[in-house]
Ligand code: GLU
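Presented as C-alpha coordinates, the chain that follows is alone, the form predicted on its own.
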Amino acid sequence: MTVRTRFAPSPTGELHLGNARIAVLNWLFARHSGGAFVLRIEDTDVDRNLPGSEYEIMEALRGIGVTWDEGPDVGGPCGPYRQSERGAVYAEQAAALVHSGYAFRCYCSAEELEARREQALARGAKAIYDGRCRGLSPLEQQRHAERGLVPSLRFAVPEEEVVVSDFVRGRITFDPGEFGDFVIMKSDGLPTYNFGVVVDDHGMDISHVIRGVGHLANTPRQVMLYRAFGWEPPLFVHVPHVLSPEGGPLSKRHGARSLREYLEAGYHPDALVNYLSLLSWSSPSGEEILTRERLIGEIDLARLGASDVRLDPDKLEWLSGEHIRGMEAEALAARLAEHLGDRYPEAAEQRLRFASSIRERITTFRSAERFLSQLYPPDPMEWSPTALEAMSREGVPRLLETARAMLRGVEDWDGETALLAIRAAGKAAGLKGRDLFMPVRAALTGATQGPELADILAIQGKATALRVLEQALALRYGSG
(Lines give C-alpha, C1' and ligand atoms only; values in the text may rest on other atoms or scores of the structure.)
Protein backbone atom coordinates (compact mmCIF):
# COMPACT_ATOMS: atom_id res chain seq x y z
CA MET A 1 0.00 0.00 0.00
CA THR A 2 1.24 3.46 -0.90
CA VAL A 3 1.04 5.66 2.18
CA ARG A 4 -0.82 8.91 1.62
CA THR A 5 -1.56 11.16 4.58
CA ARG A 6 -3.24 14.53 4.72
CA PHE A 7 -3.59 17.62 6.86
CA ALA A 8 -6.92 19.36 6.34
CA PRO A 9 -7.22 22.61 8.31
CA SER A 10 -10.10 25.06 8.12
CA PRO A 11 -8.99 28.64 7.37
CA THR A 12 -10.67 30.01 10.48
CA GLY A 13 -7.61 31.37 12.28
CA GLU A 14 -3.95 30.82 12.99
CA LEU A 15 -2.43 27.38 13.35
CA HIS A 16 -2.09 26.52 17.03
CA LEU A 17 0.18 23.85 18.48
CA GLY A 18 -2.55 21.21 18.75
CA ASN A 19 -3.29 21.33 15.03
CA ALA A 20 0.38 21.78 14.13
CA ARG A 21 1.12 18.52 15.95
CA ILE A 22 -1.33 16.71 13.64
CA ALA A 23 0.38 18.19 10.58
CA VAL A 24 3.80 17.11 11.89
CA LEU A 25 2.71 13.53 12.58
CA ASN A 26 1.14 13.14 9.14
CA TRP A 27 4.19 14.67 7.46
CA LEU A 28 6.68 12.52 9.40
CA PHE A 29 4.79 9.31 8.69
CA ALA A 30 4.49 10.09 4.98
CA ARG A 31 8.20 10.87 4.75
CA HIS A 32 9.11 7.77 6.77
CA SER A 33 7.04 5.57 4.44
CA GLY A 34 8.17 7.15 1.19
CA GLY A 35 4.60 8.21 0.53
CA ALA A 36 2.85 11.52 -0.11
CA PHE A 37 1.68 14.26 2.23
CA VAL A 38 -1.38 16.19 1.07
CA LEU A 39 -2.55 19.62 2.22
CA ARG A 40 -6.30 20.15 1.82
CA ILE A 41 -8.15 23.31 2.83
CA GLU A 42 -11.62 22.67 4.27
CA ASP A 43 -13.17 26.06 3.63
CA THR A 44 -16.88 25.32 3.20
CA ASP A 45 -17.84 26.89 6.55
CA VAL A 46 -18.06 30.29 4.90
CA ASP A 47 -19.21 32.21 7.99
CA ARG A 48 -16.11 31.20 9.97
CA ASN A 49 -13.46 31.59 7.25
CA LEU A 50 -11.02 34.44 7.88
CA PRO A 51 -9.31 36.29 5.02
CA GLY A 52 -5.62 35.49 4.89
CA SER A 53 -5.93 32.50 7.21
CA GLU A 54 -5.08 29.96 4.52
CA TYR A 55 -1.88 31.86 3.71
CA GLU A 56 -0.96 32.11 7.41
CA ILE A 57 -1.41 28.37 7.88
CA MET A 58 0.79 27.59 4.90
CA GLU A 59 3.49 30.04 6.01
CA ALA A 60 3.53 28.60 9.52
CA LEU A 61 3.98 25.08 8.17
CA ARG A 62 6.75 26.22 5.83
CA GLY A 63 8.34 27.98 8.79
CA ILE A 64 8.94 24.65 10.51
CA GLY A 65 9.96 22.91 7.28
CA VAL A 66 6.75 20.92 6.81
CA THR A 67 6.10 20.90 3.07
CA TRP A 68 3.44 19.08 1.09
CA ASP A 69 3.55 17.07 -2.11
CA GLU A 70 0.04 18.03 -3.21
CA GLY A 71 -2.05 21.03 -2.24
CA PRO A 72 -3.91 24.13 -3.39
CA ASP A 73 -0.72 26.01 -4.25
CA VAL A 74 1.28 23.17 -5.82
CA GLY A 75 -1.51 21.18 -7.46
CA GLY A 76 -1.50 17.44 -7.89
CA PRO A 77 -3.40 14.59 -9.53
CA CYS A 78 -6.30 14.56 -7.05
CA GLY A 79 -7.29 18.23 -6.98
CA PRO A 80 -8.84 20.63 -6.48
CA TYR A 81 -7.46 20.82 -2.94
CA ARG A 82 -9.87 23.44 -1.60
CA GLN A 83 -13.29 22.12 -0.69
CA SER A 84 -14.90 25.29 -2.03
CA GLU A 85 -13.68 24.26 -5.49
CA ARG A 86 -15.00 20.69 -5.29
CA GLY A 87 -18.74 21.38 -5.48
CA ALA A 88 -19.29 19.28 -8.59
CA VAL A 89 -17.60 16.29 -6.96
CA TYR A 90 -19.85 16.47 -3.88
CA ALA A 91 -22.99 16.93 -5.96
CA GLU A 92 -22.16 13.88 -8.07
CA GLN A 93 -21.47 11.63 -5.08
CA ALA A 94 -24.53 12.87 -3.18
CA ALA A 95 -26.71 12.12 -6.21
CA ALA A 96 -25.28 8.61 -6.26
CA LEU A 97 -26.36 8.06 -2.66
CA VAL A 98 -29.85 9.35 -3.41
CA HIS A 99 -30.08 7.03 -6.40
CA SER A 100 -28.98 4.02 -4.30
CA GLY A 101 -31.47 4.85 -1.54
CA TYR A 102 -28.85 5.74 1.06
CA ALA A 103 -29.80 9.42 1.02
CA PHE A 104 -33.06 11.35 0.80
CA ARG A 105 -34.31 14.91 0.43
CA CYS A 106 -35.35 16.67 3.64
CA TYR A 107 -37.58 19.75 3.43
CA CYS A 108 -37.68 20.52 7.18
CA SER A 109 -36.81 24.12 7.96
CA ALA A 110 -34.26 25.10 10.60
CA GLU A 111 -37.08 26.49 12.76
CA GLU A 112 -39.02 23.22 12.56
CA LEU A 113 -35.96 21.19 13.45
CA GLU A 114 -35.17 23.40 16.44
CA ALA A 115 -38.74 23.19 17.73
CA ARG A 116 -38.68 19.40 17.52
CA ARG A 117 -35.29 19.28 19.22
CA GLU A 118 -36.60 21.32 22.16
CA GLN A 119 -39.69 19.12 22.40
CA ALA A 120 -37.57 15.98 22.47
CA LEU A 121 -35.34 17.35 25.19
CA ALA A 122 -38.39 18.43 27.22
CA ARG A 123 -39.72 14.89 27.31
CA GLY A 124 -36.30 13.40 28.01
CA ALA A 125 -35.78 11.92 24.55
CA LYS A 126 -32.72 12.09 22.32
CA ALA A 127 -32.53 15.27 20.26
CA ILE A 128 -32.01 13.55 16.92
CA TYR A 129 -33.78 13.85 13.61
CA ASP A 130 -37.11 11.96 13.68
CA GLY A 131 -36.92 10.73 10.09
CA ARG A 132 -40.17 12.23 8.90
CA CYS A 133 -38.88 13.09 5.40
CA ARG A 134 -37.29 9.71 4.82
CA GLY A 135 -40.47 8.23 3.36
CA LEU A 136 -41.74 11.16 1.30
CA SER A 137 -43.30 10.07 -1.97
CA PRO A 138 -42.27 11.66 -5.28
CA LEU A 139 -45.57 13.54 -5.29
CA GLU A 140 -44.97 14.97 -1.81
CA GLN A 141 -41.48 16.02 -2.81
CA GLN A 142 -42.87 17.73 -5.89
CA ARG A 143 -45.37 19.66 -3.78
CA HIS A 144 -42.62 20.87 -1.45
CA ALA A 145 -40.56 21.95 -4.45
CA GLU A 146 -43.53 23.85 -5.92
CA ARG A 147 -43.75 25.76 -2.64
CA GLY A 148 -40.18 26.92 -3.25
CA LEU A 149 -38.62 24.77 -0.53
CA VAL A 150 -35.00 23.84 -1.18
CA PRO A 151 -34.14 20.51 0.45
CA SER A 152 -31.06 19.37 2.24
CA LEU A 153 -29.87 15.81 1.72
CA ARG A 154 -29.79 13.40 4.66
CA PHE A 155 -28.12 10.05 4.99
CA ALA A 156 -30.50 7.22 5.81
CA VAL A 157 -28.73 5.60 8.75
CA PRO A 158 -28.93 1.78 8.55
CA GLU A 159 -29.99 -0.23 11.58
CA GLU A 160 -26.88 -2.43 11.90
CA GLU A 161 -24.23 -1.48 14.43
CA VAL A 162 -21.24 0.57 13.35
CA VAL A 163 -17.75 -0.73 14.05
CA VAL A 164 -14.80 1.65 14.01
CA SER A 165 -11.32 0.15 13.93
CA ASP A 166 -8.96 2.71 15.41
CA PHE A 167 -5.22 2.09 15.39
CA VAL A 168 -4.75 3.61 18.86
CA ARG A 169 -7.94 2.49 20.62
CA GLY A 170 -8.79 -0.72 18.84
CA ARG A 171 -12.31 -1.86 17.91
CA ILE A 172 -15.13 0.45 18.99
CA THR A 173 -18.81 -0.36 18.44
CA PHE A 174 -21.50 2.30 18.08
CA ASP A 175 -25.29 2.03 18.19
CA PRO A 176 -26.74 3.61 15.01
CA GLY A 177 -29.70 4.83 17.04
CA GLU A 178 -27.40 7.41 18.60
CA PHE A 179 -27.11 9.41 15.40
CA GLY A 180 -30.34 9.88 13.51
CA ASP A 181 -30.40 10.56 9.79
CA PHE A 182 -27.68 13.18 9.43
CA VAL A 183 -27.32 15.89 6.79
CA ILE A 184 -24.72 15.29 4.10
CA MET A 185 -25.51 18.24 1.80
CA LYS A 186 -26.96 21.47 3.13
CA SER A 187 -29.75 23.31 1.32
CA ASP A 188 -27.19 25.86 0.07
CA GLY A 189 -25.43 23.09 -1.86
CA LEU A 190 -22.41 22.85 0.45
CA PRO A 191 -21.32 19.53 1.96
CA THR A 192 -21.29 18.90 5.68
CA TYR A 193 -18.00 18.05 7.33
CA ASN A 194 -18.47 14.27 7.48
CA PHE A 195 -19.63 13.93 3.89
CA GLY A 196 -16.93 16.19 2.47
CA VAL A 197 -14.19 14.41 4.39
CA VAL A 198 -15.23 10.97 3.17
CA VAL A 199 -15.55 12.05 -0.47
CA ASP A 200 -12.24 13.90 -0.34
CA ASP A 201 -10.24 11.24 1.50
CA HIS A 202 -11.45 8.57 -0.92
CA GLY A 203 -10.92 10.76 -3.99
CA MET A 204 -7.42 11.67 -2.83
CA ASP A 205 -6.49 8.05 -2.03
CA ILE A 206 -5.73 8.83 1.61
CA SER A 207 -4.45 5.66 3.27
CA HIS A 208 -4.10 6.88 6.88
CA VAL A 209 -6.28 9.45 8.62
CA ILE A 210 -4.15 10.66 11.53
CA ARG A 211 -6.09 13.23 13.55
CA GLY A 212 -7.07 14.29 17.05
CA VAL A 213 -9.29 12.13 19.22
CA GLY A 214 -11.90 14.88 19.16
CA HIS A 215 -12.82 13.58 15.69
CA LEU A 216 -13.54 10.08 16.97
CA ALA A 217 -17.20 11.03 17.45
CA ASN A 218 -17.41 11.82 13.72
CA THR A 219 -15.87 8.55 12.62
CA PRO A 220 -18.98 6.31 12.90
CA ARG A 221 -20.87 8.54 10.47
CA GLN A 222 -17.90 8.44 8.11
CA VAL A 223 -17.69 4.66 8.34
CA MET A 224 -21.38 4.43 7.44
CA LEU A 225 -20.77 6.59 4.39
CA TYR A 226 -17.82 4.47 3.29
CA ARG A 227 -19.99 1.38 3.66
CA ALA A 228 -22.82 2.94 1.63
CA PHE A 229 -20.45 3.88 -1.19
CA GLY A 230 -18.81 0.48 -1.14
CA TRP A 231 -15.42 2.08 -0.49
CA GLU A 232 -12.65 0.74 1.70
CA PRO A 233 -12.10 3.20 4.58
CA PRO A 234 -8.62 4.44 5.44
CA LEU A 235 -6.81 3.40 8.60
CA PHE A 236 -8.04 5.68 11.37
CA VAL A 237 -5.45 6.88 13.89
CA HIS A 238 -6.87 9.13 16.62
CA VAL A 239 -4.17 10.72 18.78
CA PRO A 240 -4.91 12.10 22.27
CA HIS A 241 -5.75 15.64 23.27
CA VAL A 242 -3.07 18.21 24.06
CA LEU A 243 -4.03 19.92 27.32
CA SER A 244 -2.91 23.19 28.85
CA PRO A 245 0.00 23.12 31.31
CA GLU A 246 -2.60 23.13 34.10
CA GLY A 247 -4.40 20.11 32.65
CA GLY A 248 -7.47 21.83 31.19
CA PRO A 249 -8.45 22.55 27.60
CA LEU A 250 -5.78 24.28 25.57
CA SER A 251 -6.85 27.88 24.90
CA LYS A 252 -5.32 31.30 24.32
CA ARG A 253 -5.65 31.99 28.04
CA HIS A 254 -3.96 28.71 28.91
CA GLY A 255 -0.85 28.28 26.80
CA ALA A 256 -2.23 28.01 23.25
CA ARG A 257 0.09 30.31 21.35
CA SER A 258 0.02 30.01 17.60
CA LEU A 259 2.81 28.36 15.66
CA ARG A 260 3.58 31.73 14.06
CA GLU A 261 4.08 33.30 17.50
CA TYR A 262 6.60 30.64 18.45
CA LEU A 263 8.50 31.16 15.21
CA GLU A 264 8.50 34.94 15.64
CA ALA A 265 9.72 34.48 19.22
CA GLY A 266 12.74 32.71 17.77
CA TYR A 267 12.14 29.07 18.66
CA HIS A 268 14.22 26.73 16.53
CA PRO A 269 11.98 25.17 13.82
CA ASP A 270 13.54 21.75 14.34
CA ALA A 271 12.80 22.01 18.06
CA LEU A 272 9.14 22.73 17.30
CA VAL A 273 8.95 19.66 15.05
CA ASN A 274 10.83 17.64 17.68
CA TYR A 275 8.53 18.73 20.51
CA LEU A 276 5.28 18.40 18.59
CA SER A 277 6.15 14.85 17.58
CA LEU A 278 6.91 13.93 21.20
CA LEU A 279 3.47 15.08 22.31
CA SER A 280 2.08 11.80 20.96
CA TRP A 281 5.05 9.51 20.35
CA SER A 282 8.33 8.46 21.92
CA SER A 283 11.57 7.28 20.38
CA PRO A 284 12.55 3.66 21.07
CA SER A 285 15.91 5.02 22.27
CA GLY A 286 14.23 7.07 24.98
CA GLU A 287 16.06 10.16 23.75
CA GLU A 288 14.22 13.43 23.43
CA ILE A 289 16.60 15.61 21.42
CA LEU A 290 15.94 14.32 17.91
CA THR A 291 16.78 15.79 14.52
CA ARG A 292 14.10 15.70 11.88
CA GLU A 293 16.13 13.05 10.05
CA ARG A 294 15.95 10.80 13.10
CA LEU A 295 12.27 11.58 13.59
CA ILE A 296 11.53 10.58 10.01
CA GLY A 297 13.58 7.42 10.40
CA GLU A 298 12.13 6.37 13.76
CA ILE A 299 8.48 7.49 13.67
CA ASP A 300 6.29 4.48 14.48
CA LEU A 301 2.51 4.58 14.81
CA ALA A 302 2.73 1.62 17.17
CA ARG A 303 4.41 3.92 19.72
CA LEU A 304 1.58 6.44 19.76
CA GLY A 305 0.07 6.87 23.21
CA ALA A 306 -3.63 6.93 24.09
CA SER A 307 -3.42 9.23 27.12
CA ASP A 308 -3.87 12.98 26.93
CA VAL A 309 -0.69 15.03 27.25
CA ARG A 310 0.00 18.42 28.79
CA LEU A 311 1.79 21.21 26.99
CA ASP A 312 5.14 21.87 28.66
CA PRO A 313 6.48 25.31 27.60
CA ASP A 314 9.69 24.82 29.59
CA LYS A 315 10.50 21.60 27.77
CA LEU A 316 9.84 23.23 24.41
CA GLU A 317 12.19 26.10 25.26
CA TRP A 318 14.83 23.65 26.49
CA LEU A 319 14.60 21.70 23.24
CA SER A 320 14.96 24.92 21.29
CA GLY A 321 18.17 25.69 23.16
CA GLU A 322 19.51 22.19 22.54
CA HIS A 323 18.86 22.45 18.81
CA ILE A 324 20.52 25.88 18.72
CA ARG A 325 23.60 24.45 20.44
CA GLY A 326 23.77 21.84 17.70
CA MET A 327 24.02 24.48 14.95
CA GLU A 328 27.18 25.46 13.14
CA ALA A 329 28.25 29.03 13.87
CA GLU A 330 27.65 30.09 10.25
CA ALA A 331 24.09 28.79 10.27
CA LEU A 332 23.36 30.35 13.65
CA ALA A 333 24.81 33.69 12.55
CA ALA A 334 22.54 33.69 9.51
CA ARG A 335 19.47 32.78 11.57
CA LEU A 336 20.21 35.49 14.13
CA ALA A 337 20.22 38.04 11.32
CA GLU A 338 16.52 37.27 10.80
CA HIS A 339 15.64 38.10 14.41
CA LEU A 340 18.01 40.78 15.74
CA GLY A 341 17.41 43.68 13.38
CA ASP A 342 19.64 46.69 12.71
CA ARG A 343 21.83 46.37 15.81
CA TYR A 344 23.16 43.02 14.63
CA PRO A 345 26.70 43.55 13.22
CA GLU A 346 27.17 43.61 9.47
CA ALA A 347 30.70 42.19 9.38
CA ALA A 348 30.69 38.43 8.79
CA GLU A 349 33.63 37.88 11.15
CA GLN A 350 31.85 39.70 13.98
CA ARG A 351 28.64 37.77 13.34
CA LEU A 352 30.47 34.46 13.59
CA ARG A 353 32.20 35.47 16.82
CA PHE A 354 28.92 36.72 18.27
CA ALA A 355 27.08 33.50 17.33
CA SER A 356 29.85 31.34 18.76
CA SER A 357 30.02 33.34 21.99
CA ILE A 358 26.32 33.11 22.84
CA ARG A 359 25.38 29.72 21.38
CA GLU A 360 25.58 27.99 24.78
CA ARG A 361 23.62 30.74 26.51
CA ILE A 362 20.42 31.14 24.52
CA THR A 363 17.27 29.05 24.14
CA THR A 364 15.68 31.02 21.28
CA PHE A 365 17.11 33.17 18.51
CA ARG A 366 15.38 36.22 19.94
CA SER A 367 16.90 35.64 23.38
CA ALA A 368 20.25 36.58 21.82
CA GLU A 369 18.98 40.14 21.79
CA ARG A 370 19.89 40.68 25.44
CA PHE A 371 23.56 40.13 24.60
CA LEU A 372 23.65 42.85 21.97
CA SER A 373 23.85 45.56 24.61
CA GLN A 374 26.80 43.75 26.21
CA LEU A 375 28.77 43.12 23.07
CA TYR A 376 27.76 46.36 21.36
CA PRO A 377 27.14 48.63 24.34
CA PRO A 378 25.16 51.82 23.82
CA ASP A 379 26.43 55.24 24.82
CA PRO A 380 25.70 55.96 27.64
CA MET A 381 25.42 52.45 29.04
CA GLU A 382 23.28 51.35 31.95
CA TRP A 383 24.64 49.04 34.64
CA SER A 384 22.61 46.38 36.40
CA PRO A 385 22.48 46.44 40.23
CA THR A 386 24.87 43.48 40.40
CA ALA A 387 27.24 45.26 38.01
CA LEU A 388 27.19 48.39 40.17
CA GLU A 389 27.93 46.29 43.21
CA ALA A 390 30.88 44.61 41.47
CA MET A 391 32.33 47.97 40.44
CA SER A 392 31.96 49.32 43.97
CA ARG A 393 34.44 46.91 45.50
CA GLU A 394 37.78 48.05 46.89
CA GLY A 395 40.56 48.38 44.34
CA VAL A 396 38.30 48.43 41.27
CA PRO A 397 38.99 52.06 40.23
CA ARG A 398 42.72 51.37 40.17
CA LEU A 399 42.11 48.11 38.28
CA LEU A 400 40.02 49.81 35.57
CA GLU A 401 42.50 52.67 35.15
CA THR A 402 45.36 50.19 34.82
CA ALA A 403 43.34 48.04 32.40
CA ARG A 404 42.55 51.07 30.26
CA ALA A 405 46.21 52.00 30.07
CA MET A 406 47.32 48.49 29.17
CA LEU A 407 44.57 48.02 26.60
CA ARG A 408 45.66 51.23 24.89
CA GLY A 409 49.01 49.58 24.29
CA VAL A 410 47.57 46.50 22.56
CA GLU A 411 48.36 46.84 18.86
CA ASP A 412 47.22 43.55 17.28
CA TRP A 413 43.83 43.47 18.99
CA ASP A 414 41.95 40.25 19.41
CA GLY A 415 40.15 38.70 22.33
CA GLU A 416 43.07 36.71 23.61
CA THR A 417 45.69 39.48 23.48
CA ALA A 418 43.29 41.93 25.10
CA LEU A 419 42.57 39.38 27.84
CA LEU A 420 46.30 39.10 28.52
CA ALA A 421 46.37 42.87 29.08
CA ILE A 422 43.47 42.53 31.54
CA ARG A 423 45.33 39.81 33.43
CA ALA A 424 48.40 42.04 33.60
CA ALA A 425 46.26 44.88 34.97
CA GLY A 426 44.88 42.54 37.60
CA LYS A 427 48.36 41.51 38.64
CA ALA A 428 49.37 45.15 38.96
CA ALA A 429 46.25 45.88 41.05
CA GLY A 430 46.69 42.77 43.18
CA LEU A 431 43.44 41.18 41.93
CA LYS A 432 42.78 37.84 40.28
CA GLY A 433 40.03 35.37 39.49
CA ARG A 434 36.51 36.53 40.24
CA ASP A 435 37.72 39.73 41.88
CA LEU A 436 39.48 40.64 38.61
CA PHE A 437 37.14 39.49 35.89
CA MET A 438 33.75 40.37 37.35
CA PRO A 439 34.43 44.12 37.75
CA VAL A 440 35.97 44.31 34.27
CA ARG A 441 33.01 42.44 32.79
CA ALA A 442 30.61 44.72 34.67
CA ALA A 443 32.36 47.84 33.38
CA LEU A 444 32.45 46.57 29.78
CA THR A 445 28.92 45.13 29.56
CA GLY A 446 26.80 46.50 32.39
CA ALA A 447 26.19 42.91 33.59
CA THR A 448 28.01 40.27 35.61
CA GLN A 449 27.04 37.30 33.44
CA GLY A 450 27.30 36.69 29.74
CA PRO A 451 29.72 35.52 27.05
CA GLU A 452 33.37 34.84 27.76
CA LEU A 453 35.42 37.96 28.43
CA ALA A 454 37.72 37.20 25.49
CA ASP A 455 34.69 37.13 23.18
CA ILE A 456 33.42 40.40 24.61
CA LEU A 457 36.76 42.12 24.03
CA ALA A 458 37.08 40.69 20.52
CA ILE A 459 33.60 41.70 19.44
CA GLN A 460 33.62 45.13 21.05
CA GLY A 461 36.97 45.95 19.53
CA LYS A 462 39.58 48.30 20.89
CA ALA A 463 37.77 51.59 20.33
CA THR A 464 34.51 50.48 21.94
CA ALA A 465 36.18 48.72 24.88
CA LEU A 466 38.26 51.82 25.69
CA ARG A 467 35.24 54.10 25.32
CA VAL A 468 33.16 52.00 27.72
CA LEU A 469 35.96 51.79 30.28
CA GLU A 470 36.45 55.57 30.14
CA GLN A 471 32.69 56.01 30.53
CA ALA A 472 32.69 53.75 33.57
CA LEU A 473 35.60 55.61 35.16
CA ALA A 474 34.01 58.99 34.52
CA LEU A 475 30.50 58.15 35.62
CA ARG A 476 31.28 55.83 38.51
CA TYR A 477 34.43 57.33 39.94
CA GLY A 478 34.66 60.82 38.51
CA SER A 479 37.94 60.02 36.80
CA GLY A 480 38.96 59.61 33.21
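Small disclaimer: the values here were computed from a predicted structure and weren't measured. When you see a residue number, it is the position in the sequence shown, counting from 1.
Unshown form predicted in complex with the named molecule; subsequent notes refer to it.
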| message | Give me the residue from 435, 56, 42, 414 that has a heavy atom within 4.5 Å of the named molecule in the predicted bound form. | response | 42
| query | Can you pick the one in 368, 333, 206, 197 that has a heavy atom within 4.5 Å of the named molecule in the predicted bound form? | reply | 197
| message | Residue-level question: is residue 211 within 4.5 Å of the named molecule in the predicted bound form, judged on heavy atoms? | response | yes
| residue 215: heavy atom within 4.5 Å of the named molecule in the predicted bound form? | yes
| said: Taking the named molecule as it sits in the predicted bound form, is residue 471 in contact with it (heavy atom to heavy atom, 4.5 Å or less)? | reply: no
| Any of the heavy atoms of residue 344 lying within 4.5 Å of the named molecule in the predicted bound form? | no
| What are the residues of 6-29, in order along the chain, with a heavy atom within 4.5 Å of the named molecule in the predicted bound form? | 6, 8, 9, 10
